[in-house]
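Take a look at this single chain, the form predicted alone, given in structure tokens.
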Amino acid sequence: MSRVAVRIRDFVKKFGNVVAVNGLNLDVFDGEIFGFLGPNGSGKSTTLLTIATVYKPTRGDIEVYGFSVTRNGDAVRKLIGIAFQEPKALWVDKPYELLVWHAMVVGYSLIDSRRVVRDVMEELGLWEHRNKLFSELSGGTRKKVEIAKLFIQKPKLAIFDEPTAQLDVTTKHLVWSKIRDMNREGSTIIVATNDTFEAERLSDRVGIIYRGTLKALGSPSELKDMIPGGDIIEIRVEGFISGNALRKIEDALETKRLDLSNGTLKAYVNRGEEKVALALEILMRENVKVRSVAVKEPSLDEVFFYFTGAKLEEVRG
């Protein structure tokens, strides 16, 4: 079994009478990319900020590689780095100076700081903005400065809170690639996002969090398989399919629903990729000509709705 990087037990965080996180239990494993998926206000950022020792738990505890965030804060801070959802800088800061200072704080020499900062800034398209005031930067450029801190630091545990918010599509893919590179180089990664495509693209495992509660946990494929009848086997046919053939398909596939319309047969099943051969075998025996076959899996948006009863795009906010 993989070593536990972050152990969260009975974690509760309140702000006054508002419960932001309610009884969270979760392990993040060493070497994985873990995705927290949920809308703003779901408890993602609160959890990440507590892991980073910015907040203290109201109840319960969180350990980072065996160090408690409540009792061993200094040790935890040596292991982690965080890119905040909202970029942290003074309006009069200049990106190059800010990042060189950050590089030196995390252990680089001045010469190495200048080298690594230039490399990262050029890769992210920041070099031309290096001497502008932070107040002069666009929202997307400020965001790139914030995440550049982690690409420079490469901590043992890297926390990204909404890493690609405000970024264009090309830069998003670049950031995802650099996050995967960090992971391959030895960093355990936690990414908080309300973007299902980002969660699926990056994460080894995803935790769906909603209203402060963990609703589901697993790899993207495992989460999709948890939806009863979530896969759709879609077969386009020529000619007539008898009622007897449809009943055989329904029984063999243990389908939740079977539709036939305009020459297209749709079977709603669990683990569709394992059952499609059964449907084709029955149709072949019944002398039905098959024109095309497709197996469609549910999206993470549909998974989110199944476990929360809410549509993620309506509660992102």
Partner chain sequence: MKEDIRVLILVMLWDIRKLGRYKFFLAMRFTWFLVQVLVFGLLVSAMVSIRGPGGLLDYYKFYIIGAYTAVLFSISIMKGYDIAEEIEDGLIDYQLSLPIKRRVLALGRALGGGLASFTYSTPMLAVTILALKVQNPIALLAMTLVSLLLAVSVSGLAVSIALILKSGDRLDILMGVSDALLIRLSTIFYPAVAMAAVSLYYYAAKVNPISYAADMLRYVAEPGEFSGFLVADPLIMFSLIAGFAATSTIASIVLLERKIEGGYSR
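Numbering follows the first chain given and starts at 1. Since this is a predicted model, take the numbers as computed values, not measurements.
The form predicted in complex with the partner chain is left out here; the points below concern that form.
Within 4.5 Å of the partner chain in the predicted complex, a heavy atom is found for not a single one of 189, 202 and 215. Using a 4.5 angstroms threshold between heavy atoms, residue 78 counts as touching the partner chain in the predicted complex. Using a 4.5 Å cutoff between non-hydrogen atoms, residue 235 does not count as a contact of the partner chain in the predicted complex. Although the partner is absent from this view, residue 185 stays clear of the partner chain in the predicted complex, with no non-hydrogen atom inside 4.5 angstroms. Using a 4.5 Å cutoff between non-hydrogen atoms, residue 127 does not count as a contact of the partner chain in the predicted complex. Of the stretches 167 to 175, 243 to 251, 223 to 231, 92 to 100, only 92 to 100 has residues with a heavy atom within 4.5 Å of the partner chain in the predicted complex. With the partner omitted here, the residue from 132, 114, 156, 88 that has a non-hydrogen atom within 4.5 angstroms of the partner chain in the predicted complex is 88.
Among 82, 208, 120, 179, the residue placing a heavy atom within 4.5 Å of the partner chain in the predicted complex is 82. Residues of 57 to 71 placing a heavy atom within 4.5 Å of the partner chain in the predicted complex: none.
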